[in-house]
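Consider the single chain below, provided in structure tokens and representing the form predicted on its own.
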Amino acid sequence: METLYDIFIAPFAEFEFMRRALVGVLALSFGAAPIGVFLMLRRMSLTGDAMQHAILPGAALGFLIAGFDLFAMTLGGILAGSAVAIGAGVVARATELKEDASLAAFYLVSLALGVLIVSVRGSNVDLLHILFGSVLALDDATLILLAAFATVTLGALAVIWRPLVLECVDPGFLRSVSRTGAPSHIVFLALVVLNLVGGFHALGTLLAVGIMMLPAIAARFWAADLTRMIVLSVVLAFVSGVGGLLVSYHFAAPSGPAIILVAGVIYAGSLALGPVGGLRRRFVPGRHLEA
């Protein structure tokens, strides 16, 4: 009979690749989850989904030139994601097309182009690696990269915190009293691209946004305060990562999808039981005048 140690501790104590995956998930949690909270509050959740596909052509070109070279694929992903974000914004401002429609057009073309590029050079295994990631195969260089992205993200959020929060609440007021709105938005989009590229190395282009958005949305059902929401989103992202790695280990399931499915279960539980706008509060209301 397996003990709690065998279930929860032994996989990480006995296998180095599990410990590396754990560190990678921790770095992703600190970087991606806070970005997900701001995407959600700014009603840009689907923007993250569109931009995760936008990095695929750049990463694929890096793969085409240098194989699975960390620097080449990272640089390609950042350049492609930035180009799509800027291009969609320019099209939305220069035409009558809304930004969401512009992003949709860009990301669909980007996804098809990226898959085509990988198919030209690589195999089906290479394509699966790029689309779904390899969190159990993270090396030292990738872990350092993920930690660096998380550090840059937290530092940049600290710098642009005030205009970013104010833009979530009242963008019109921010434009009337300050010129920091546009630069903060650009920095924020750069952080979105940065964390999607980081998530791509661990979870692939199809699942990277999951660790960014699902914990953030789940945290919304447990906290109304922004700071608590961000802290809770980081915790839930890490719990999702640990849970997914354990599911992957014990049931021989793909690690990336397992992590996102655990995050989905946490979201479903938060939706049902969360005290801030959850279904329990709606269908089982508290006593009269109860907080």
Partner chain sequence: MTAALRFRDLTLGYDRHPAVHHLDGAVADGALLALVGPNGAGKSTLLKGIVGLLRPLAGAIDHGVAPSEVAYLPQIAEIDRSFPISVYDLVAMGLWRRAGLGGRIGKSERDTIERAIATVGLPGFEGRAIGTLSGGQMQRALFARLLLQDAKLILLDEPFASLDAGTVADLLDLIRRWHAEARTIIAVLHDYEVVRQRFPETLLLARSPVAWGPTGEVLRPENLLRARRMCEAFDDHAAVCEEHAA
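Quantities reported herein were computed from a predicted structural model and do not represent experimental measurements. Numbering follows the first chain given and starts at 1.
There is also a form predicted together with the partner chain; it is not shown, and the following applies to it.
Student: Using the partner position in the model of the complex, report whether G172 sits within 4.5 Å of the partner chain, counting heavy atoms only.
Tutor: Contact check for G172: yes, within 4.5 Å of the partner chain in the model of the complex.
Student: Is N124 a contact residue for the partner chain in the model of the complex, using a 4.5 Å heavy atom cut-off?
Tutor: No, N124 is distant from the partner.
Student: Does T95 reach the partner chain in the model of the complex if we count a contact as any heavy atom within 4.5 Å?
Tutor: Answer no; every heavy atom of T95 is more than 4.5 Å from the partner chain in the model of the complex.
Student: Please tell me whether any heavy atom belonging to R162 falls inside 4.5 Å of a heavy atom of the partner chain, as the geometry stands in the model of the complex.
Tutor: Yes, contact at 4.5 Å.
Student: Could you check which residue among L154, L128, C168, A101 gets a heavy atom within 4.5 Å of the partner chain in the model of the complex?
Tutor: Selected residue: C168.
Student: So which stretch, 70 to 78, 204 to 212, 130 to 138, 217 to 225, is the one near the partner chain in the model of the complex (non-hydrogen atoms, 4.5 Å)?
Tutor: Within 4.5 Å of the partner lies stretch 217 to 225.
Student: Under the 4.5 Å heavy atom criterion, name the residues of 24 to 46 that approach the partner chain in the model of the complex, in sequence order.
Tutor: Counting only heavy atoms within 4.5 Å of the partner chain in the model of the complex, the contacting residues of 24 to 46 are L41, R43.
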